[in-house]
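Take a look at this single chain in structure tokens; it is the form predicted on its own.
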Amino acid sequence: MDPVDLGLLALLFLSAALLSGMRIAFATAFCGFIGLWILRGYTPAATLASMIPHGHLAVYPLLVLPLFILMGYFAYYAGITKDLYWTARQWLGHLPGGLAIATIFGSAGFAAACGASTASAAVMGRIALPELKRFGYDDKVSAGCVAAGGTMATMIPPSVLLVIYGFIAEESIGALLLAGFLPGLLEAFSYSLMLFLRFKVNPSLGPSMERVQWAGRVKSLKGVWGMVTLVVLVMGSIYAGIATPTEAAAVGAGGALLLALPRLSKGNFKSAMLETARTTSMIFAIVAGVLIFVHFLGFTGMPAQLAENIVQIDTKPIVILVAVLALYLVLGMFLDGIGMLLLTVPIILPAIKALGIDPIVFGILVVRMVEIGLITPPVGLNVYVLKGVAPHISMSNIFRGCGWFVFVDLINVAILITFPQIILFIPQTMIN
């Protein structure tokens, strides 16, 4: 059998395994090993399958993942989420849809400490939904704010997905994290503008709160200064070239621990460490399985053949880019973000580079499409997480509440494609 045909057949078997409910780590490792066995024989396949994961995972830069995850858990137990949400309420609550807008900015603030979207949605759901319900906000709007607000954790640094993309694409993780900052802010402000206009047109969606005096607003800032300082230190040290992303992540985890100490019980500390270990183990298991499969695909020559075929298409690169992003929109409805990146980027990225598209721009755009997949049916992970936090809101209402946010997301993607300098501005000014 032709190696390229074998690669295509392996992708079909992998798709069937994933649709059957098989874990992505085991499905990719199994399909990759069998493919290597057919191509190279049993002994070389067994040797490669045992050496590849260790060779790629036992590297210093990947320490950034558990450290950023630990930073997020310590930030949660420090009560930072509540403080950020309270501050946003004091400053924005008097606007049309003020409490919903405060939820968006509270989510954006927590995203700066937590790189996992589902965790952000779960935490903000517990904090914001009771308040939104108490003030009589529409359930669909409330659920949409929390579910969509959680997606910002995949864009605003520190982002687990951007770290994984940098690892796969062999691009600077520091540059990618910095590149996500302005698109993340664009997301927060565009969500807020959409909510402001909706509530302005239809005040029945929820009432505005009483305006808080300036003294009260300034007083509310005392709960967030520590977190703001921490984020500035972490991202500022990466930007200035003082620290690598791994070193900055260590500073962030240590700083978050110091912030958490006054409220951190022995049980919460143990929980933070265990959850970090579980999350890291899950991510590394997926990466290990996909690495075996991707190396098999490399031996088949399929990625190179695909890249050559795409480059030969007689159309503008931006048209191909839009088509690829549309594919990610569809895939995001069925696959989780980490698995989707690991499976597709090694295949598609060679063609993207050959078309002259900046891989950092592509990375940000792909992660944005992954974000959209988190709130679109049938498998919107943030929606399922939120349903567990808010069983009184139906799944259909949560998905309907996310509709306006998906619309804004697509506009944002169009803006980033048209003006890629939004993505590249901060990384290009990075001090080397």
Partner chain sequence: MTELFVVILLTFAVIALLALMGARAEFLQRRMESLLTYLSAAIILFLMAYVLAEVLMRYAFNSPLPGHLEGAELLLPMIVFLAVSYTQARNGHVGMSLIVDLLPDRARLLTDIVTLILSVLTCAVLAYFGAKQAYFSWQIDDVTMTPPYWSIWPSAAIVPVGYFLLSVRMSLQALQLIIPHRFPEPVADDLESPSTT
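Think of the rigid core as the biggest set of C-alphas that the two forms share within 1.5 Å after superposition. Numbering follows the first chain given and starts at 1. Note that the structure is predicted; figures quoted are calculated from it, not measured.
Separately, the form predicted together with the partner chain exists; it is not shown, and the next lines address it.
Student: With the partner left out here, check for me: in the predicted complex, does some heavy atom of K270 sit within 4.5 Å of the partner chain?
Tutor: Yes, K270 sits close enough to the partner chain in the predicted complex that at least one of its heavy atoms falls within 4.5 Å.
Student: Looking at the partner-bound form in the predicted complex, is L19 within 4.5 Å of the partner chain by any heavy atom?
Tutor: Judged by the heavy-atom cut-off of 4.5 Å, L19 is in contact with the partner chain in the predicted complex.
Student: In the predicted complex, does P96 have a heavy atom within 4.5 Å of the partner chain?
Tutor: No - in the predicted complex, heavy atoms of P96 and the partner chain never come within 4.5 Å of each other.
Student: Does F105 reach the partner chain in the predicted complex if we count a contact as any heavy atom within 4.5 Å?
Tutor: Flag for F105 set to no.
Student: Heavy atoms, 4.5 Å, the partner chain in the predicted complex: which of 131 to 139, 144 to 152, 245 to 253, 207 to 215 makes the cut? Say which one.
Tutor: The contacting stretch is 245 to 253.
Student: Between the options I372, L62, I393, L365, which residue brings a heavy atom to within 4.5 Å of the partner chain in the predicted complex?
Tutor: Of the listed residues, the single hit is L62.
Student: Please identify the residue among L325, L257, L355, L331 with any heavy atom within 4.5 Å of the partner chain in the predicted complex.
Tutor: When the partner chain is considered in the predicted complex, the option within 4.5 Å is L257.
Student: Check I24, L70 and G241: does every one of them have a heavy atom within 4.5 Å of the partner chain in the predicted complex?
Tutor: Looking in the predicted complex, the three residues I24, L70 and G241 all sit within 4.5 Å of the partner chain (heavy atoms).
Student: Taking only heavy atoms into account, state which residues of 101 to 128 are within 4.5 Å of the partner chain in the predicted complex, ordered by sequence.
Tutor: The stretch 101 to 128, when checked against the partner chain in the predicted complex, contributes only R126 at the 4.5 Å heavy-atom cut-off.
Student: After a rigid core superposition, would you say the CA of F74 moves by 2 angstroms or more between the shown form and the other one, or not?
Tutor: After core superposition, the C-alpha of F74 moves 2 Å or more between the shown form and the other one.
Student: Could you check, with the core superposed, whether the Cα atom of L57 shifts 2 Å or more between the shown form and the other one?
Tutor: L57: C-alpha displaced by 2 Å or more between the shown form and the other one.
Student: When you overlay the rigid core, is the Cα of Y191 off by 2 Å or more between the shown form and the other one?
Tutor: Not so; Y191 is displaced by less than 2 Å.
Student: Closer or farther: how do the CA atoms of I242 and D358 lie in the predicted complex, compared with the form shown, if the change is at least 3 Å?
Tutor: Farther apart in the predicted complex, by 3 Å or more.
Student: Are A240 and I423 closer or farther apart at the Cα level in the predicted complex than shown, by 3 Å or more?
Tutor: Farther, not closer.
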